[in-house]
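Here's a solo chain for you in structure tokens, the form predicted on its own.
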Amino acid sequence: MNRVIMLIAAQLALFVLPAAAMAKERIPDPAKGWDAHFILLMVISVFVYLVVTIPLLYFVIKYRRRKGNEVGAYIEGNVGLEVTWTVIPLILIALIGVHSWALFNDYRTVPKDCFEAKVIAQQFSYEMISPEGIRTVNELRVPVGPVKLNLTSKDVIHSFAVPQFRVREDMVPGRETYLWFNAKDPGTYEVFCSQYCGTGHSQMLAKVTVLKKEDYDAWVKQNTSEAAASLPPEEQGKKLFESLGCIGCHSVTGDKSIGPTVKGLFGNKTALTDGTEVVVDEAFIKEKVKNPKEKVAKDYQLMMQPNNVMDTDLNAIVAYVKTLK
């Protein structure tokens, strides 16, 4: 019995104490936390597998039936063994629980002075809004360091996932969720929607571009300067077309997409679901942006959401569409 107690004490020292240390010294990076958790589960799984499989193979060979009428010995039980295989799994479960709780706290506790941006999802694109108010579509630019993203959706449930940062969070209509990650190294990281959200789900791709602090400041200055505001109407329209997420459903190259392509659309007739045809002019485009439920194009589903766009911005969008011949 003393040997059993010593074995239990050794297991406690081996597993519970390191787990407590992990809980006290939390990992300040979700990616490192998830990787450490995966390794922990892998080590435990291999340990349990070996503890069970090696004796199993040994007993199968040693105590196999050698004669046809041979009867095995009757064994009622072993208290020490039963206590051991009950206590050790409890210790392993406690270890996983402590480590999981520490990781959960890391994942939900946002560091102070965190760069904070907003991401709005809609079928089938992301609108990114920087702290400076710069709007982009399907590309989020951030400086090196911890980044918090406030997430929401315009239509259905989406899920913002960046595998390289080991983060994923649902984006729910009418509700704001969040996630954070540590963007330590400059580079480009892929973004996926990990929640099936409709026919264009596989095309809902984006990227996070991590820049050095000076490069990010230069990008902000370039996109908030008077020069950007004084762009020709068609250039402003192009930026709006992208920032409003229009390009996520309407290609500008003539390729088939979720919605009709806008290349060569202006000035031509288009068929509607009610069997009529209309000429795509300035009035049609403006009405379609503000009230997409009216005059739906034939062979396409109604997915577009109303946009409260100012008249000056509408004029710029029309000017841009006119150039796509």
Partner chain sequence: MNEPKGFKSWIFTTDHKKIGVMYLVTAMIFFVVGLLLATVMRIENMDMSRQVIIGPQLYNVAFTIHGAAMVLFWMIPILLGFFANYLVPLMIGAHDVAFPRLNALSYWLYVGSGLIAVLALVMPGRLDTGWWAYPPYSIKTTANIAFYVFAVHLLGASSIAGAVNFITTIVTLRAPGMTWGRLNLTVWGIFGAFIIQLVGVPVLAAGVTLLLFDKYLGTSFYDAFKGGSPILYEHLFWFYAHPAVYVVALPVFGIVSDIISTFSQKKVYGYTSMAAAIMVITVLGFETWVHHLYVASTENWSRVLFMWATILIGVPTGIKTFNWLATLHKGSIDLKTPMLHALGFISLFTIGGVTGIANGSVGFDIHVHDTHWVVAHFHYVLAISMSMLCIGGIYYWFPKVTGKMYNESLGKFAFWLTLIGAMIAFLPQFHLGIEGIPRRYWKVPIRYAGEMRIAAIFSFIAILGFLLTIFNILKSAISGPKAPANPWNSKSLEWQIPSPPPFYNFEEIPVITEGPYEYGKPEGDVKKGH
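Since this is a predicted model, take the numbers as computed values, not measurements. Definition used throughout: the rigid core is the maximal C-alpha set that superposes within 1.5 Å between two forms. Positions refer to the first chain, counted from 1.
From this point on, the text means the form predicted in complex with the partner chain, which you will not see here.
With the partner omitted here, the residue from Tyr178, Trp219, Phe241, Phe115 that has a non-hydrogen atom within 4.5 angstroms of the partner chain in the predicted bound form is Tyr178. Contact with the partner chain in the predicted bound form, judged by any heavy atom within 4.5 Å, is made by just one of Asp215, Asp155, Glu139, Glu132: Asp155. Each of Ile96, Asp170 and Glu190 comes within 4.5 Å of the partner chain in the predicted bound form, counting any heavy atom. Listed stretches are 246-254, 140-148, 231-239, 159-167; the contact stretch with the partner chain in the predicted bound form is 159-167, by a heavy atom cutoff of 4.5 Å. Though the partner is left out of this view, Asp274 does not reach within 4.5 Å of the partner chain in the predicted bound form, counting heavy atoms only. Taking non-hydrogen atoms only, Ala283 never approaches the partner chain to within 4.5 angstroms in the predicted bound form. In the predicted bound form, the partner chain sits within 4.5 Å of a heavy atom of Gln123.
Under a 4.5 angstroms non-hydrogen atom cutoff, the partner chain in the predicted bound form has Cys197 among its neighbouring residues.
For the stretch 249-271, the set of residues having any non-hydrogen atom within 4.5 angstroms of the partner chain in the predicted bound form is empty.
Relative to the superposed core, Ile39 undergoes a C-alpha shift smaller than 2 Å between this form and the one not shown. In a rigid-core overlay of the protein, Leu90 has its C-alpha displaced by at least 2 Å between this form and the one not shown.
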